[in-house]
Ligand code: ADP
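Presented below, as structure tokens, is a lone chain in the form predicted on its own.
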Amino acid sequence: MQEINKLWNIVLEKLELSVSNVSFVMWFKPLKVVDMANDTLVLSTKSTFAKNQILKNYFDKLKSATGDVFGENIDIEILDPQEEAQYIAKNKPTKTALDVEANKNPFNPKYTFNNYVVGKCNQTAYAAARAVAENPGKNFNPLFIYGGVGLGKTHLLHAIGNYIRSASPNLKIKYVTCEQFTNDYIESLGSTSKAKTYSEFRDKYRSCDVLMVDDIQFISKKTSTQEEFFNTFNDLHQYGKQIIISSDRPPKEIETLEERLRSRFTMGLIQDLQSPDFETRVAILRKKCQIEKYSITDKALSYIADKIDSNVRELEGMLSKVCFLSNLVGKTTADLADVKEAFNDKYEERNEGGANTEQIISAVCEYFDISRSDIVGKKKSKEIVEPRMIAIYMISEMLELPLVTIGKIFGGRDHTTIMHARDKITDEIKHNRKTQTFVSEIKKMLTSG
């Protein structure tokens, strides 16, 4: 099952690059592997609604990503919580004491300070996290950590949690995602015994010594939830309880966040995580090899580190895939040939139709009668911006390139800018016939050429 979960993590990495960040966090990130039997991957969701959303809107993407990793013949079965319980009762009737204890601990035991690779990109965030773990409620309260997808935010939060559990086992730690906090709050208001349930909700979140909330950016636009979190924050902070928050962006960039919450978030310490440099990426891969007991040549490690330059989870996922496939063919040490085979030209800027980034950009420029220097340059006129966003969307859709790599192609733009362009055109295609026509005709140009 351990190897299956490693491959599933690779599937998640592929999905993270093919859908919007909101869609990934809402629908795919909570998915977990229940079983793998008779060429069927059994997955579970957090709710029936989530299951229906995936089946209705995202199943093709899920099927495609899973097929790329597990093989085209793999079937997928998705269970809601009730169906999962029935499946486990039928196929896995007993749970060991270790399983039960693992469910009580929300922190991954592999995510510790000892195996967190420190480089220039994260050294100050690491130092702050360590200081908070050693003296919760005393230093940097709240601690706000932000950074892009796969840069180590969750690792740091789990490292803090694991350290406190070990050093101060009497302290009560509550670790939740923003979505879980929101759902708990909504449930407390929807019960028939509303007063009692809300009281239980308050006790659950305000009786802890350390509150950790992941992905706080999703609290935006949720007015009632912001009100409740503001009150929870004040209550905990007043009594010296430690608050730790993570986000994909700093407080000032979280849209529709109430100013009083923004002010609370900035009253402590805000630390960002940057993309790791080449040397740090190699060190991360070496640490992963040490932990998982992987054997791989230095040239192979350098190749992976050179090709994947922004996302640590994707970096580690590719390493796991390489070593897994190498072991399948009976090799004890993975080499450069295994890495290139595993990548399967993933980052060689080609898709099944043979188009690469330059061909896509050239086709867009020809269609809109603009120059290449304009589309990758700084101009912000509508005549240039729309074609630029379409080109970004098409490269993101047709080629499996990291957002940071696409950003470099378009004049060194930030990965969040690339993500915004991709998501905007994705939405436009759903509602705007003119945009649909643009993309369709440019694709025809590529296939006919």
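Only a predicted model underlies this, so the values are computations on that prediction, with no experimental measurement involved. So that there is no doubt, residue numbering starts at 1 and follows the sequence shown.
Heads up, the form predicted in complex with this ligand isn't pictured, but that's what we're talking about next.
Peer 1: Counting only non-hydrogen atoms, which stretch in 221-229, 260-268, 128-136, 152-160 is within 4.5 Å of this ligand in the model of the complex?
Peer 2: Result for this chain: 152-160.
Peer 1: Which one, Asn183, Ser168, Ser275, Asn115, lies within 4.5 Å of this ligand in the model of the complex by heavy atoms?
Peer 2: By the 4.5 Å criterion, the partner-contacting residue is Asn115.
Peer 1: Give me the residue from Arg249, Lys331, Arg206, Arg313 that has a heavy atom within 4.5 Å of this ligand in the model of the complex.
Peer 2: By the 4.5 Å heavy-atom cutoff, the listed residue in contact is Arg313.
Peer 1: At the 4.5 Å heavy atom threshold, is Asn122 in contact with this ligand in the model of the complex?
Peer 2: Taking the distances in the model of the complex, the answer for Asn122 is yes, it comes within 4.5 Å of this ligand.
Peer 1: Just checking whether Cys323 would be counted as a contact of this ligand in the model of the complex - the rule being heavy atoms within 4.5 angstroms.
Peer 2: Contact check for Cys323: no, nothing within 4.5 Å of this ligand in the model of the complex.
Peer 1: Residue-level contact is defined here as any heavy atom of the residue lying within 4.5 Å of this ligand in the model of the complex; does Val213 satisfy this criterion?
Peer 2: No, Val213 sits far enough from this ligand in the model of the complex that none of its heavy atoms falls within 4.5 Å.
Peer 1: Might Gly148 be said to contact this ligand in the model of the complex, defining contact as any heavy atom within 4.5 Å?
Peer 2: Heavy-atom contact with this ligand at 4.5 Å: present for Gly148.
Peer 1: Which residues within 284-307 place at least one heavy atom within 4.5 Å of this ligand in the model of the complex?
Peer 2: Result: Ile284 alone.
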